[in-house]
Ligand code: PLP
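First, one chain by itself: the form predicted alone, in structure tokens.
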Amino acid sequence: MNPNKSGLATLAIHASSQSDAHGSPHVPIYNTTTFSFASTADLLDVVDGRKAGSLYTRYGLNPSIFALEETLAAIEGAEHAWAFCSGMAAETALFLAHGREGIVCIGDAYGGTLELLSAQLPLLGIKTHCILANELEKLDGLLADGARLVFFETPTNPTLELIDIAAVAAIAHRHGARLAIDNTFASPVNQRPLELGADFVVHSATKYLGGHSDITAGALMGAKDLLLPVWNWRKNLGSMIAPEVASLLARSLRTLDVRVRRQNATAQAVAEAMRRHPRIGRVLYPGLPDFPGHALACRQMRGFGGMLTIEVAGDGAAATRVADRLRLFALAPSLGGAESLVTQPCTTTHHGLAPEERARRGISDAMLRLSIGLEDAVDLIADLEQALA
């Protein structure tokens, strides 16, 4: 199969070259710690990289993991991919392998990522800089001072702010730096950062790639030569994905395209309904024509995603009351699953930020972030309306 000519939905099912001796259409779970060899010469061929083969699962040398990584690379349009036990594990290995000279994070990001950048990595002597998306004029100076990795989410969490991937890639590359994009919110269905100039794409595969709220995993995609320095960090930090989780994630990828397209359509309907509601002060969704980044979304994205944020008229207590009244939306701090979720960023994802820092980033206490699932749009809208009433 030619990956350059096949569509994403086809690649998600057929990209893996791994085969099963018994005719299974997908690679089974190799819940195996270590693999044996017919001879020492055969073992050394794999250890020294002369031949591909299974060896030791903590190293990632396991058929279930191989099959998953081939599919991950194919759906993101990457040369190679590494799978991890979580999205934070993927980010950590990336930062340690490529960010030791300095990291610039642009715009909003997941609270755990911001904590890693601001609190943990500086303990290791790694300089980190966090700038807002409207402070891009600072990027040239930070890169000129030696930072060599630029990182951002787009759309961002939780304001859905968009950042121009191609424009930032041009700035980073002019200074000899690399660009990494967290593509979790968009998924490969809606956005292809590598085609826009990014060097790395990272995912919390727990979210849309997993899609069923039943696994925790991460992924990092890019050119093979750029990913090779990450391999030892993954191996020695112990952040390898388990074979059974790899198998579940590979299962989920087979339905990624159809799930995300349905979530796109439902989120658009919910966003439009909420924009008309008298008790909603603001709706943040890239698919709305009056969204500040709508024009960029039309250029950069293939779909507008299943995430939206609403700002309830009133204060944080009013938003909490609405969240507590919802019946179909589960109150939970995650996203991308088959079931719709609601979370109040000031109490979950960004609870660790000081109130003044949340305000600086445009995250109000009255915000509710909605992850749209696979339910009928009319039922989700009715649930929001009864909670707002």
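Here the structure is a predicted model, which is why all the values come from computation and not from measurement. Residue numbers here begin at 1 and follow the sequence given.
One more form of this protein, predicted in complex with the named molecule, exists but is not displayed; see below.
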| remark: Among 222-230, 206-214, 136-144, 188-196, the stretch whose residues bring a heavy atom within 4.5 Å of the named molecule in the model of the complex is 206-214
| message | Exactly one residue in Leu335, Val322, Ala67, Ile363 has a non-hydrogen atom within 4.5 Å of the named molecule in the model of the complex; which is it? | response | Leu335
| With the named molecule left out of view, which of Ile163, Leu114, Met301, Met88 would have a heavy atom within 4.5 Å of it in the model of the complex? | Met88
| So, in the model of the complex, is Thr184 in contact with the named molecule at a 4.5 angstroms heavy atom limit? | yes
| Hey, in the model of the complex, does Glu76 get a heavy atom within 4.5 angstroms of the named molecule? | no
| task | Can you tell me which bits of 145-162 touch the named molecule in the model of the complex, meaning any heavy atom within 4.5 Å? | result | Glu153
